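The chain below stands alone and is given as structure tokens, in the form predicted alone.
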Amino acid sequence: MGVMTESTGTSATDSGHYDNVACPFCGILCDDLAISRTAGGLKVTKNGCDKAKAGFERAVASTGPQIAGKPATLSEAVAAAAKLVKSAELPIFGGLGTDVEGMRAVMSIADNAGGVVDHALSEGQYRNFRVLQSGGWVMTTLTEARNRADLFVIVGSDIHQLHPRFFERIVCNERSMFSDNPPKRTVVFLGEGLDQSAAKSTRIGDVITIPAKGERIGEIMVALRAMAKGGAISGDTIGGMPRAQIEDLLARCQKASYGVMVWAPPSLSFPNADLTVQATSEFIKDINQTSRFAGLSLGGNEGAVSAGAVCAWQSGYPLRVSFASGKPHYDTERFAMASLLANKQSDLLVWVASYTPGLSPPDCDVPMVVLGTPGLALSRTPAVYIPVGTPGVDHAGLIVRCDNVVSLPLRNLGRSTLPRAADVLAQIEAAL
């Protein structure tokens, strides 16, 4: 059985207990949670990490639509939002913390209104996109890594903080698809200050730390690639680390029966981090000539992977797309949301944030239409605010996993009756 299932769904008893619930609060999408509905709200009773508990158990404040901070009906708020979108010369549809149907609705209204689409976390995603577009890569999936890998190299990323159950579900599992007693694994932490606390189980053998600074990891990858080809590398250090440590890492990579290099783009927050992803990907491609090796990129929180996937399906491009000319126009720099706002090239921000209160809109001076989960942190009062439900909690939905190979169904757990972002966006578009 794979680590996660595509269509197991969830089951509920008359008492309000749900099994096999998929969690939408990080890109791993663990689908083995147990949730109970109580008088005080939802309660995670099994397999929930801190992110899951914060998401499912968060109380939803009683709130309604607002126009300029004053209460309004949903129809009034929709009409006011439509008026703003219709009159805008270049609206930005940002945030994009929604599910597949919500993102489809974003694409439709952006096409109709001549707007730009960009996710709040796309800067991290583009550390991957640029590499995929320019040179390609060799990647694996969560399930393949769980069942086959004997070496994990964590590349400059604090995986445990972003995805608290990654080690539990993928690295530390005591059984695999092929054996009830699989061989031990080696875990290498390549990077400074990475949380290693979760790399503990009977399955884990050696745990190795190479505390290189993030901006020098690319240098190490280039050196690994050169040494693997027999190139001469001078000096006692490589990337600021003792040469012997890097030579040992290369030897472990060459001996591995199935090695996996894992990174999370949001963690690679230093200048030109895409070059580190590129160097890592090129090393993986080279070593695959003589052994089996792959990359595994995590991330995808706040529906980021779903946003990029739907945008690519419908426009041919992964986010940062403008429909101002009447057709999709892709430019990774020109249509970055932060750049448009900083250069005052947009006159409206439509912000969608339905998962967590932390996906706040940027502090900007253009009018805002906010479709957000109750409690969303706002630096100022938006022109229109419409509270929306959370996929997988307040309504059913579909979301794409971080490895881009599975779309998981999300269940309506009945926390509230707030509308779907997809439905609100469709109403706004209909009113244009």
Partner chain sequence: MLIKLTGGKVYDPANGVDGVVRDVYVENGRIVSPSPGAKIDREYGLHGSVVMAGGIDPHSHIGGGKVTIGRMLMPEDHLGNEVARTALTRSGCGHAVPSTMTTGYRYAEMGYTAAFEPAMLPANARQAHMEMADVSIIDKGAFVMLGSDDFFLRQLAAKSDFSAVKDYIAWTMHAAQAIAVKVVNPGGISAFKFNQRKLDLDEKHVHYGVTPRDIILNLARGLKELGVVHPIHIHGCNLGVPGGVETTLETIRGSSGLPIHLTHIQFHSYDTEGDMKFSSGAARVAEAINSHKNVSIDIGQVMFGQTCTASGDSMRQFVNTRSADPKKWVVMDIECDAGCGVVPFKYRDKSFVNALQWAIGLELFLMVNDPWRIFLTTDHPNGGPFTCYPHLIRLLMDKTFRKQVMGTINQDALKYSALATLDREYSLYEIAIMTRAGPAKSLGLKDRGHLGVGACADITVYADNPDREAMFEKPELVFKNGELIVRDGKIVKVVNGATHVARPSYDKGIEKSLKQYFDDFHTVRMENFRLSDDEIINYGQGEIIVQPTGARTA
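Numbering follows the first chain given and starts at 1. Quick caveat: nothing in here was measured; it's all calculated off a predicted structure.
The discussion below concerns the form predicted in complex with the partner chain, not included here.
The partner chain: the contacting residue among 75, 272, 134, 87 in the predicted complex [heavy atom, 4.5 Å]: Looking at the other structure, the residue within range turns out to be 134.
Just one of 285, 243, 334, 213 has a heavy atom within 4.5 angstroms of the partner chain in the predicted complex, so which one? In short, 285.
Exactly one stretch in 223-231, 307-315, 261-269, 350-358 has heavy atoms within 4.5 Å of the partner chain in the predicted complex; which is it? Partner-contacting stretch among the options: 307-315.
In the predicted complex, residue 397 touching the partner chain (heavy atom, 4.5 Å): Result yes; residue 397 sits at the interface with the partner chain in the predicted complex.
Is the gap between residue 290 and the partner chain in the predicted complex 4.5 Å or less for some heavy atom pair? Judged by the heavy-atom cut-off of 4.5 Å, residue 290 is in contact with the partner chain in the predicted complex.
In the predicted complex, residue 407 touching the partner chain (heavy atom, 4.5 Å): Yes, residue 407 is a contact residue.
Wondering, does residue 108 line up within 4.5 Å of the partner chain in the predicted complex on heavy atoms? Although the partner chain is absent here, residue 108 would touch it in the predicted complex, with heavy atoms inside 4.5 Å.
Check all three, 43, 168 and 415, heavy atom within 4.5 Å of the partner chain in the predicted complex: No, the whole trio is out of contact, none within 4.5 Å by any heavy atom.
In the predicted complex: members of 135-153 within 4.5 Å of the partner chain, any heavy atom: Residues within 4.5 Å: 135, 136, 137, 138, 139, 140, 141, 142, 143, 144, 146, 147, 148.
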